[in-house]
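Included below are structure tokens for two forms of one protein chain, each presented in isolation as structure 1 and structure 2.
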Structure 1
């Protein structure tokens, strides 16, 4: 008799615990009256600086914000902003153009901007605020001495070298870069060469600079404004056929948030106007070479320019 009562009691407890667990799984974020602005960014230096500047700026002006800096690459953030989990993040014109719109790469900043701005508004109800002049394009890198030795200055030179010496050159890159339309395969097509399946080493984000420096690969992907390029004695191979599209960053925000807080548009644009190519590169250097954290670089910049106090 007491045995089955015992059993029942524990079963009930177990069920309650499972229910609590299920509730815990099901529950998400609650908005309430004033919508929180969820600020996201991709998990690398420039993105984190830009994202933190947005975060600090909005917070300073008294808006409720949520920090999701470093959430993931565009493939993660895009679905998140489509499903309202993210409200604002810095995206690049080039990335949107090729990766989301499957459009041909565009070299003119204004043209690229207008295309993505119209598309995102119409398709996704997302608003592109003003864009920054800085162009953080993908680049191909080599060790400086190696490039000099082989006489490679442009990607056309690289293509010629590889065609003459098949199988010699190893590329180190992210699998993401390989899969993208403005990535490896696009380069190969435009310049008329192939690295070769055996010559591609897939590396986790950020490792390509190390791998290139230590000699494990001969060519690596990189970001144009990354401070490790000068620091590791690497050199950018010139994109002479201008394959890589322009990548101007701009904040992309959900229309709903803009409706709730229309003033943030001008507040943010004020910041963007200060971010030209040189400035952004210097900020990246602060993080990559001078080893200051992105959050601190962002805060200092805003303070020095009187945007926060």
Structure 2
């Protein structure tokens, strides 16, 4: 191999190494010796909005920040925060309970929050700030007009209707939800009914909203704060037996960062208190329906609520 080709080879390797170093660098220090706050999020609408809110809010107050918005799902972010490569991100109570604590699902928001807060502090030296009352839990959805016509308000109503009219209701969901204990199998056992095998349509995640709106299915799984629910005139069937575990979002931060910047706790809590269920749903709708970028939705919300100039 010529010297020229060798040089090009090592140049490429050096570029890759530098890129990898930049990708995985975490909590560093700014020029003044203060720790940089690395803000991460998962790579989907609600998380991108929430992550950008944290990033903008902290930056507005003069804290050195690093942007890792859209880094990956919990299985990526958790190892990163454990190894100090990420300092703060929004997590859901139900995710931590079931995925990391291997705890049985909990339907009470305060109980779920206290369980994850205590566990993460003791096991990982992570602090859960205040949680939002928005609940991005699994839900069952129907078209509003169809639900009204059939007199279905609760899942108990749905169970009674299916038991009286077997084979009439088609469900749209993905295969994971069908097999989960806190999915179809658990719902049927808790409420005492069964969707017929011929009444299940497996769809890719997210496609069930369109399938329900277009009448391809009668009931679909969904997530409680998805902006397509109000936009598509869908309604959440009330989980009257509180089967589904709660998924309230809250910022999770490393204790070391709070020790360095104790005042950020109240700054961030002020934001969280504004994010009720309806508000977060409408913010998601801005992205998923009106195609506004998550960072623009986040910035506009902060400005309109006087949290940044």
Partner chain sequence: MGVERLFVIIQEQGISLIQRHLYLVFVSLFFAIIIALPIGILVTRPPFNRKINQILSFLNTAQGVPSLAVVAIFLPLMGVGVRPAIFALSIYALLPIARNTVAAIKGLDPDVLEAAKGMGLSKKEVLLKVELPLATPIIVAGIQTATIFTVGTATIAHLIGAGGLGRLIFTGIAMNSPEFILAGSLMAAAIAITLDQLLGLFQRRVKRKFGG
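Just so it is clear, the model here is predicted, and its values are computed rather than measured. If you superpose the two forms and keep the largest set of C-alpha atoms that fall within 1.5 Å, you have the rigid core. Positions refer to the first chain, counted from 1.
- Working note: structure 2 is the copy from the form predicted on its own; the remaining copy is not.
- The Cα position of residue 114 differs by less than 2 Å between structures 1 and 2 after fitting on the rigid core.
- With a cut-off of 2 Å and the rigid core superposed, residue 141 has a Cα displacement that reaches or exceeds the cut-off between structures 1 and 2.
- Superimposing on the larger rigid part's C-alpha atoms between structures 1 and 2 leaves the smaller part rotated by 27 degrees.
- Here the two forms are laid over each other by their core, and the C-alpha of residue 204 is off by 7.8 Å between structures 1 and 2.
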